[in-house]
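Next up: just one chain, as structure tokens, the form predicted alone.
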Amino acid sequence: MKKLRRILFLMLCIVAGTNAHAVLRIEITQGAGSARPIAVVPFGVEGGATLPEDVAAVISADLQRSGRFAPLAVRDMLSRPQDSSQINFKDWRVLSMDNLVIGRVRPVGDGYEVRFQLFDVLRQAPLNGMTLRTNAANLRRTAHQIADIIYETLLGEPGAFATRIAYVTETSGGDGVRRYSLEVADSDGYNPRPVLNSKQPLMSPAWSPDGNRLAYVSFEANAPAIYVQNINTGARERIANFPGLNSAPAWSPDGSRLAIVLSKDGSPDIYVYDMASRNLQQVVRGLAIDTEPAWFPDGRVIYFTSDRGGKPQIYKVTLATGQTERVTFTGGYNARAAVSPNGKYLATVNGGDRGFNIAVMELATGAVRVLTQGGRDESPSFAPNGSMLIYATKEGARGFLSVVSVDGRVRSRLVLEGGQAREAVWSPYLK
């Protein structure tokens, strides 16, 4: 029980940093041994225009950080075709490339047309290609979309590059005052922007299924309260401000409800708040500490952390019947559940002799794989394609974000330049 109470008080222990709005720098620490060789040739630009983004470089970086591809360095390319008629496939076979990406950007009015083509080098055949319209502000997003198309064409599963992450930073200025910020950035850490700045702690961000709103906990009134904020308009609403604990909001898959944790009647318990009717329904009750809800994709089951068995473990409750059962049995500590979008995996913070690490359970078989060895890892969140997890970790006093594949073969980390970040959550696919 002491360990689970520690979870609740960790809400107040956000690591210090020095720069709230710096870009998250990506460091790839481990790639898959079977990474696929691919060449992304620098895109041509008609009329010699200067672009605000290097489209090919963004695509190449996306593919590389997935760990599934090994892009060829531009300096090693024997030729740089921009049209299919210019391709000499022998150049790319000599370099042992499996695939080739070429493209051109054409200024059109106040925007651009971006055309790309993907080829199978061995077969000397096109695999995909299209023209996308965009503008200067969205050129980088268009590059992410192209990377997603390439990823899906070659691997048979959707990519997640054209998505976003939300995370919390804490800074300390020269005046010694701590400042908190809830930030939203592209999935690669670029284009960060604050959703909310505060002199009081912010925590537990959660994306709505449409990707337009964030639920979070704010201590701006010197006590925890749950808010929902539209990240496009800035409009926000206070959802829960009861005496005691108001924490851990989690959206239902259809976006109509929030699972939240309240202690207004004693011990922390799980409630469901209906966004339309504003009705509040208690779904888990008892003397134990029940916290950190996570919905199953069908919206019928909620997973949560409880110490009802003596130590923190993951349980689930079926909403229609109220039936509750224990889910995790590997390790003496499991908390902060996250369910993959396809319902196949359950991620947890798994505690043992080596500290707190991220583990994944295959729900169909119960098989558990511990993915990390940081010893101070927390807050796992699945990418919308279910292939990767982002989580927070620390080395010494330094806090940063890390990404790991569900099979543990691919790893990278996102380090805030000159500062620290935590509690990252991956957005759904953007509408």
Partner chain sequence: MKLYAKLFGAAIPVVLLTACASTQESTLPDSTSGSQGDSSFGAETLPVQGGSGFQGSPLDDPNSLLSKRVIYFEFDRAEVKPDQRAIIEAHAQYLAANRNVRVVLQGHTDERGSREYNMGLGERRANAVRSMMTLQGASASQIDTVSFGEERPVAMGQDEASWSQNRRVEIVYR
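Positions refer to the first chain, counted from 1. The structure presented is a predicted model; accordingly, all values stated were derived computationally and were not measured.
Not on display, but discussed next: the form predicted together with the partner chain.
Colleague: Using a 4.5 Å heavy atom cut-off, which stretch among 186-194, 134-142, 117-125, 238-246 contacts the partner chain in the predicted complex?
Modeller: Looking at the partner contacts, the answer comes out as 238-246.
Colleague: At 4.5 angstroms, heavy atoms only, are V40, P71 and S85 all close to the partner chain in the predicted complex?
Modeller: No: no residue has a heavy atom within 4.5 Å of the partner.
Colleague: Would A288 count as a contact of the partner chain in the predicted complex, using a 4.5 angstroms cut-off between non-hydrogen atoms?
Modeller: The answer is yes: A288 has a heavy atom within 4.5 Å of the partner chain.
Colleague: Although the partner isn't part of this model, could you tell me whether G159 comes within 4.5 Å of the partner chain in the predicted complex, counting any heavy atom of the residue?
Modeller: The answer is no: G159 has no heavy atom within 4.5 Å of the partner chain.
Colleague: Is R257 one of the residues lying within 4.5 Å of the partner chain in the predicted complex, judged by heavy atom distances?
Modeller: No, no contact at 4.5 Å.
Colleague: Can you tell me whether R179 touches the partner chain? I mean in the predicted complex, with a 4.5 angstroms heavy atom cut-off.
Modeller: Taking the distances in the predicted complex, the answer for R179 is no, it never comes within 4.5 Å of the partner chain.
Colleague: Just one of V272, I165, I149, M203 has a heavy atom within 4.5 Å of the partner chain in the predicted complex. Which one?
Modeller: Looking at V272, I165, I149, M203 one by one, just M203 meets the 4.5 Å heavy-atom criterion.
Colleague: Which of these residues, W92, F356, W207, Y315, gets a heavy atom within 4.5 Å of the partner chain in the predicted complex?
Modeller: Exactly one residue meets the criterion: F356.
Colleague: Which residues in 212-240 have a heavy atom within 4.5 Å of the partner chain in the predicted complex?
Modeller: Residues within 4.5 Å: V217, F219, N222, A223, P224.
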